[in-house]
Every structure is written in C-alpha cells, then in structure tokens.
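Just one chain follows, in the form predicted on its own, and it is written as structure tokens.
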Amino acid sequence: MSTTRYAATAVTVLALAGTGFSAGDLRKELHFRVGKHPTISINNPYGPVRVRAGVVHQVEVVATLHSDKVELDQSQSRNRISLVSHLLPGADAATGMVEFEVLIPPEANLTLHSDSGPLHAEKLRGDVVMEGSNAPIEVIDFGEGHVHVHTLNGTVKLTNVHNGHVEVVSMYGDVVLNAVSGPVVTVNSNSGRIEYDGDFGNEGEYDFTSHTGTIEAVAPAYASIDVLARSTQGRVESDFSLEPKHTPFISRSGSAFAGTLGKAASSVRLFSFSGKIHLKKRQD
C-alpha cells in the first residue's frame, strides 16, 4: 500500500473516530494499520461476525447495516481496535442487524460478542475470546494461542485446533470438538451434549464435565491416555481394554471406570451427574 493511501486511510479513520456511522449507506468499509499482535474487539448484538486471517499490519472490515436503527461506532487506540454495533431506540433483532466480514493479522488477539448472531474465527494464532447468549460459535484451523468460549444456549464447534489452551463453558448448548488437542482442553456444560473426536494429543489434560448432558469421546486405537470416567446416575461405557488403575472412588461396572492405554501420555477426565458417558474406539 502506498504512503499516499496510508495517509488517506489515516485521515478517514481520524475523521470517523468517536462518532457513529449513519445507516444511510448500508455498506461500510474500514481499513486500519496496526503493529504486531494487535487486539481487535467486536460487539455485535444481532448479526453474524466472520473473522479470518488476512495479512500482517492490516485490519480490513466490511460491515453491512440492515436499517437506520443501528449505527457503527469504531475507535483505534494504537494497537487496539474496537467496533460496536450501537442500537438506536426502537431497534430489534431484525432492524438492529449488522453483518461483519473481517480480515485481521493471523497473530492478532480477538474478542467477539453477540447475543444471537453466529460467530466465526478461522486460521488465527492469537488469543480468541468468544461470548454469546444464543449465538452459534465456530473456531476453525487455530493454533498456538488460547481459545475461551462462553455461551448460554449457542452451539459450539471447534475444528482443527492444536497446541493451544481451550476452555469452553456452555449452559445448554452442545459442544463439538473435532481434531482438537493442546496442553489444556476443558469443556463444562450444564445440559448440552459434549462430543470429542480426536487423538487426545500428547501430554495434555482433557477435562469434560456435564451435569445432565451426554459425553461421547472418540479416539483411535493408538491413543495414549490415562482415563477416569464417572457418572453418578448415568451409564458409563468404554470400547477400549484399559489397564486398570487405582481410583479415589469405588469403580462400579456401568457407572465408572479408570485405566490407562499405551504410555498414558495424556490425562482424560470425563464426569457427569446423570448423563451417559461413552469412550468410543474409532473404526478406521
């Protein structure tokens, strides 16, 4: 990008900083110049937010406003960018909708919040925080950073997430993890279903807890795990022939089991109060 274009962009950003955008023009394009490891925050009550990895030092935003009942507030303070959908009096889920398509540097740190709009992050390496009430949440092709997801009733899907700390908290929504591994992978759900399909990595800690929801974990025959599983009132099953081990509770067939497989490199803890737990062997 030329120096002239940078100057024009800077003037535009400064002119718009601290003010709301009118919805007269429904499509807004914003361009920000950033340094290393920038932080981007987007709060969009209604409407989808899709964030993908772009190029270093640039943040590109395309926002589509669906009515004049919503404005777009934006600010930049050095390496921190904030975008907020500002609802005006009379706005609702339809008239307050804003659609975001965003490109950010791969190493950027990202925070997304929505009440109902889908949240999507793809091919990033920084820390990601995603929060929503009923918003479906999806993270794809992520590595190295931390992933923190908090949702009330939205479904959560994590795919191809490696070498990061993962924490998912959901009250009622289902949580699906495919090819997810890392030093720490924690999922806590009240009544939502927890599904895991992966190899449990190497020397990681995997803790899945649900109060009434089902927990299903699928792993290959070569998995190297130390497993502890228990459901107080639900059924517990394992397709693996595990080497038995001592447990802090009485192991009863059908309600709890503990054991190791291979070199037991990773720790796996599966707990539920009344939900079913099934450790399944992948059929290759």
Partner chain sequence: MKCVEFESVLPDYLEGSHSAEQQAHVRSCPACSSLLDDLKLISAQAKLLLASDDPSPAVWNALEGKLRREGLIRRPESPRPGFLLRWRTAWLVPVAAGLLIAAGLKLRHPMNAGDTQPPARPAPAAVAKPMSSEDQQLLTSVGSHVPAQRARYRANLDDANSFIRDAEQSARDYPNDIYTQQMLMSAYEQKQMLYDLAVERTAPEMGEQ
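What you see is a predicted model; the values in this text were computed from it and never measured. Residue numbers count along the first chain shown, from 1.
The following text describes the form predicted in complex with its partner chain, which does not appear among the structures shown.
S.K.: Residue-level contact is defined here as any heavy atom of the residue lying within 4.5 Å of its partner chain in the predicted complex; does residue 28 satisfy this criterion?
M.R.: No, no contact at 4.5 Å.
S.K.: Is residue 141 near its partner chain? Define near as a heavy atom within 4.5 Å, in the predicted complex.
M.R.: No, no contact at 4.5 Å.
S.K.: Residue-level question: is residue 223 within 4.5 Å of its partner chain in the predicted complex, judged on heavy atoms?
M.R.: No.
S.K.: Whether residue 230 contacts its partner chain in the predicted complex should be assessed with a 4.5 Å heavy atom distance threshold; does it?
M.R.: The answer is yes: residue 230 has a heavy atom within 4.5 Å of its partner chain.
S.K.: Please pick out the stretch from 234-242, 30-38, 45-53, 60-68 that is in contact with its partner chain in the predicted complex, where contact means heavy atoms within 4.5 Å.
M.R.: Checking each option against the 4.5 Å cut-off leaves 45-53.
S.K.: Scan 157, 86, 165, 123 and let me know which has any heavy atom within 4.5 Å of its partner chain in the predicted complex.
M.R.: After the contact test, the surviving option is 86.
S.K.: Note which of 214, 109, 181, 188 lies within 4.5 Å of its partner chain in the predicted complex, where distance is taken over heavy atoms; exactly one does.
M.R.: None of the others qualify; the residue that does is 188.
S.K.: At a 4.5 angstroms cut-off on non-hydrogen atoms, which residues of 55-71 are near its partner chain in the predicted complex? List them in order.
M.R.: The stretch does not touch the partner at all.
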